[in-house]
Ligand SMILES: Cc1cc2nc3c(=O)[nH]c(=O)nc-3n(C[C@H](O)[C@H](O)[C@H](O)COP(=O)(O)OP(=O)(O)OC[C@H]3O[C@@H](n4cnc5c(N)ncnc54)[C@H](O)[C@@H]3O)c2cc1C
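There is one chain below, alone, in C-alpha cells, taken in the form predicted alone.
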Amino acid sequence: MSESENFDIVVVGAGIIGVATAYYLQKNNPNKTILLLDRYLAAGQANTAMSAAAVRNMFASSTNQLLTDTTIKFIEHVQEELGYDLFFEKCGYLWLLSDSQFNSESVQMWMKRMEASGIHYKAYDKQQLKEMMPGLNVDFQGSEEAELMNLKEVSYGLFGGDCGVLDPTRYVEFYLEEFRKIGTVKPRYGVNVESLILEADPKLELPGEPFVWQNKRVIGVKTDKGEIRAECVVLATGAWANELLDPIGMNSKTKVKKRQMFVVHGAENEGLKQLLSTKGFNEVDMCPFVIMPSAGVYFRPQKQEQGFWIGCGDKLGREYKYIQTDDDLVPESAYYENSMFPVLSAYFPDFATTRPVNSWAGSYCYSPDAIPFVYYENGVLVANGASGSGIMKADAMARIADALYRGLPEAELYGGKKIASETLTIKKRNVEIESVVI
C-alpha cells in the first residue's frame, strides 16, 4: 500500500453489517470505487462470528419488526430462491414465561403489536409444553433452591415460527461474493484503522487547523499501513465505533457489553438427544431457540454439532465496558459454572451431567432504545447499535445506509416495504423503545 490512496468510499468493518452495506453501496453506485477494510485476516471473524447466529422477528417495536422481518425474508430468498445455502433452519424461538410474565402488561402489549404487524406467534400452556419439550421442568413448588435463585415456574411458552438459526460465516460470504462480482477494488484484511482523518471544510492550509470556528469533515482513515482518503467513510465496526468516533468528538450514543457462548454436546446424553430432536414446533423436527423465564439464560440448537450453544442476556451486575483489545473478550468458565449452569440445569435437568467443550466471547453494541443507528454526518456514515441483533437486521440496515448515501428520502427493504431513510438517524430519529431484548 502506498502512503496515501484515494477511493470514493471506504467501508471499515467486514462483519455482516459492513459486507451487506458494501454490497448495496456498490450495487446502487456501480461507478464508485469502494474499499472494504477489516483488522482481522478474513471477513466476519469478529462479533459476527461470535454471536448466537439466530434471527427473530419477535420484537415489540414496529421498527425492529420491520427491520428483522424483511431481513429474515431476504435470508429465505437467498437460500430458497437463489440456492445459496446459509444453513438457515427455521426452528423458531420459544420464550418460556411464568404466569405473571405472560399476563404482564408488557407481554400482552408485545403480542398485540405482533398481531398488528402480521408477526406470527403461538402461545402454549404448561401442559402442552410438558408434552412437547423433552426434559423440561415446569414445577418448582416447594423448592428452596429455586426460591433462593429467584427461578420462576414455567406456565406458558410464546413461540415464533418464522425465527431460526443460520451459519454467520456463510451469510457474510454471500454478501462478499456479490460485492466482489460488481466491485473493482479487492477487500483488504489485516489492516488496522487507527483513527479517522478530520479536516477543515474548506481547508485553508492554516497551521493547527481545523479550528473550532471551521466546518469539519471526515475525509479518510489512518491505518497501520498508511492513509486512505475517501469522499465517504462507512463505520460498521459495532463495538469498536467509539474507539474511532470519540477522538473526533462524535458521540455514537452506544455502549458495549460482553456476551459469552458455551458449547455443550449431547450425542452421549439420551435426554439431550431427545431435546435436540424436539418435534411439534417446526417442520425440521428440532428444538427451538429457547429463552428461560429467569436470569436471561438461553440456548440454541446446533444440529450439525449434535449439541447446544448456551448464552445469557445478563443485565444488572454485568458491566458495560469499552472494548479495547481481544483480551477483553476471553470467555469465563466460572461465569458459566456459577451463573448460567445452575439456571440451565434447573429448567432442563438433562444438562446437569454435561460441561462445555468449547466457548467464545464477543460484544454487543447497545443503543439506548435497542434499535440500531444508521446516520450520515460530517463525511462518516455510521451503522451500529444493533443491540445484539446485527445479523437479523443487517440487510435492512445496509439498504437504509445506501439510501442515506444517495440522498433518497426512503429506503426500499426486501419485499417492497419502505422506511424513511432518516428513521434510524440521531438527529431525526423516529422510533419506539424496544422492550424485548435478550
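Residue numbers run from 1 along the displayed sequence. Here the structure is a predicted model, which is why all the values come from computation and not from measurement.
Keep in mind the form predicted in complex with the named molecule is missing from the figure; the text below concerns it.
When the named molecule is considered in the model of the complex, only one residue from Met392, Ile34, Val382, Ala411 comes within 4.5 Å through any heavy atom, namely Met392. Taking Gln79, Ser363, Thr254, Thr354 one by one, only a single residue has any non-hydrogen atom within 4.5 Å of the named molecule in the model of the complex, and it is Ser363.
Contact annotation for the candidate site: Gly18, Ala53 and Val193 all lie close to the named molecule in the model of the complex (heavy atom within 4.5 Å). In plain terms, the part of the chain that comes close to the named molecule in the model of the complex, with a heavy atom within 4.5 Å, is 36-44 out of 399-407, 36-44, 370-378, 23-31. Within this chain, Arg259 lines the site of the named molecule in the model of the complex, having a heavy atom no more than 4.5 Å away.
In the model of the complex, the named molecule lies within 4.5 Å of some heavy atom of Ala236. The closest non-hydrogen atom of Trp240 lies within 4.5 Å of the named molecule in the model of the complex. Remark: Val12 counts among the residues lining the named molecule in the model of the complex, judged by a heavy atom distance of 4.5 Å or less.
The partner is not shown here, but in the model of the complex the stretch 295-312 reaches within 4.5 angstroms of the named molecule through a heavy atom at Tyr298 alone.
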